[in-house]
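Shown next as structure tokens: one chain only, the form predicted on its own.
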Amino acid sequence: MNDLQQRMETHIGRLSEFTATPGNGTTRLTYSKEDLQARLYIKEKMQEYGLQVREDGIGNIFGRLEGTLTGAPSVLIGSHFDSVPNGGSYDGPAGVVAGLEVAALFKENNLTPKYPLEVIALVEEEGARFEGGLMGSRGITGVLNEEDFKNLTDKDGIKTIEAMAEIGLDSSLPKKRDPKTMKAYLELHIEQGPILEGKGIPIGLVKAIVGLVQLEVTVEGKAGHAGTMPMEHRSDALVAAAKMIARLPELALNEGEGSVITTGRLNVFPNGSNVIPNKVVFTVDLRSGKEEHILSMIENVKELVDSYNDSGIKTSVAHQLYMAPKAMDSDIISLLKEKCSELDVPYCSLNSGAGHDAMVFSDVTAAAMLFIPSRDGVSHCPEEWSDSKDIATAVQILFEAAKALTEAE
């Protein structure tokens, strides 16, 4: 095991310690105690590697290696460091520590770039605490405006700005960043699927990222006693919601071409074992590689939900996130292919079925992604694992690409 590979394992291991569920995966929600522990580690390493460290008004972390060109835009490299509940150690953090080690290689080789290099650690990509996801990158690009950010609350009604204050973050700092300050964005991520491992290929070059929509459906009925209210007189919100959810998969199957629909979160009120539910709120996650399928599924979900409106049941659908399918930058993909060939690293091209911060950045700057294999294709669970050898290989490719991007006009 070489030094770079060993450092990758050390970083991943340390960050995995910052979890609210020790022994049962990584649970690191945005603005939590575990978030603070992770950000302190990331900032410490940034400083150790000679980077100028700052945080913005959302809590994103930036480590900057200044360039020789005054006022030049930066090459950003990184990923997110939050997790889903009981998730894995690699989804997000692998990309953050890859960015750190690219900066370390600049330092070890005494390189001063023309264009600044910035390592970036993003918050709330997963949307596990505040609905919608991709919050850090959406804030940087202005897709999430100040008012909407301040109005976001978690399941306990805690607002973003309140949660930030709890761990000492300043929400009054600037959030949106001028696109002219960004030359490119590079992100390493685990594949979260079986293709690379199945082919025995260590690097995947992402051609495009699937379109992603998140809806929130509210179903309202009428509470009542579980034992005394006759069945024919009930307005059971959960029964109505269950019927809707059971029909959602067929909407994706009808679209075809890899379209998928998932109900990932369901909250029942008042949630008593002997009370007829009077309200249910659930999420609907829609994904497809083609925007026409996304738009079609949105309309079909709305029609399905609306069809359950009657005298006793009231329904509504709210949009929480809409991201169209995004192609990655062809010039950077060509550069990455060139570097893979120079380093004699096998690669293949593939699309991403998961959403990533790169899709947000792609609207304002040149963006590209590298994938590394995921063991058994699993992710978002404690069993998630990727080989540090593959991460180290990707770091070398990113380092070579970053050198070229920070020098090229």
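Counting begins at 1, following the sequence as shown. In this text the structure is predicted, and so the values were computed from the model without any measurement.
Another form, the form predicted together with a further copy of the same chain, is not on view; read the next lines as being about it.
Chemist: Test of understanding: in the predicted complex, would residue 364 fall inside 4.5 Å of a further copy of the same chain by heavy atoms?
Modeler: Contact with a further copy of the same chain, no.
Chemist: Would residue 383 show up as a contact with a further copy of the same chain in the predicted complex if we use heavy atoms at 4.5 Å?
Modeler: Flag for residue 383 set to no.
Chemist: So, in the predicted complex, is residue 287 in contact with a further copy of the same chain at a 4.5 angstroms heavy atom limit?
Modeler: Taking the distances in the predicted complex, the answer for residue 287 is yes, it comes within 4.5 Å of a further copy of the same chain.
Chemist: Although the partner isn't part of this model, could you tell me whether residue 246 comes within 4.5 Å of a further copy of the same chain in the predicted complex, counting any heavy atom of the residue?
Modeler: Taking the distances in the predicted complex, the answer for residue 246 is yes, it comes within 4.5 Å of a further copy of the same chain.
Chemist: Of these, 237-245, 77-85, 157-165, 134-142, which stretch puts a heavy atom within 4.5 angstroms of a further copy of the same chain in the predicted complex?
Modeler: Among the listed stretches, the partner-contacting one is 237-245.
Chemist: Since exactly one of 202, 127, 116, 277 fits, which has a heavy atom within 4.5 Å of a further copy of the same chain in the predicted complex?
Modeler: If I apply the 4.5 Å criterion carefully, the residue I get is 277.
Chemist: Under a 4.5 angstroms heavy atom criterion, identify the one residue in 295, 268, 317, 208 near a further copy of the same chain in the predicted complex.
Modeler: After the contact test, the surviving option is 268.
Chemist: Looking at a further copy of the same chain in the predicted complex, do all three of 68, 73 and 107 come within 4.5 Å of it through at least one heavy atom?
Modeler: No residue of the spot touches a further copy of the same chain in the predicted complex.
Chemist: Which of the residues spanning 189-203 lie within 4.5 Å of a further copy of the same chain in the predicted complex, based on heavy atoms?
Modeler: 191, 192, 193, 194, 195, in sequence order.
Chemist: Residue 252 and residue 198: their C-alpha distance differs by 3 angstroms or more in the predicted complex. Do they come closer or move farther apart compared with the shown form?
Modeler: The answer is closer, because the C-alphas of residue 252 and residue 198 approach each other in the predicted complex by 3 Å or more.
Chemist: How does the CA gap of residue 260 and residue 197 change in the predicted complex versus this form, closer or farther, if it moves 3 angstroms or more?
Modeler: Distance between the C-alphas of residue 260 and residue 197: shorter in the predicted complex, by 3 Å or more.
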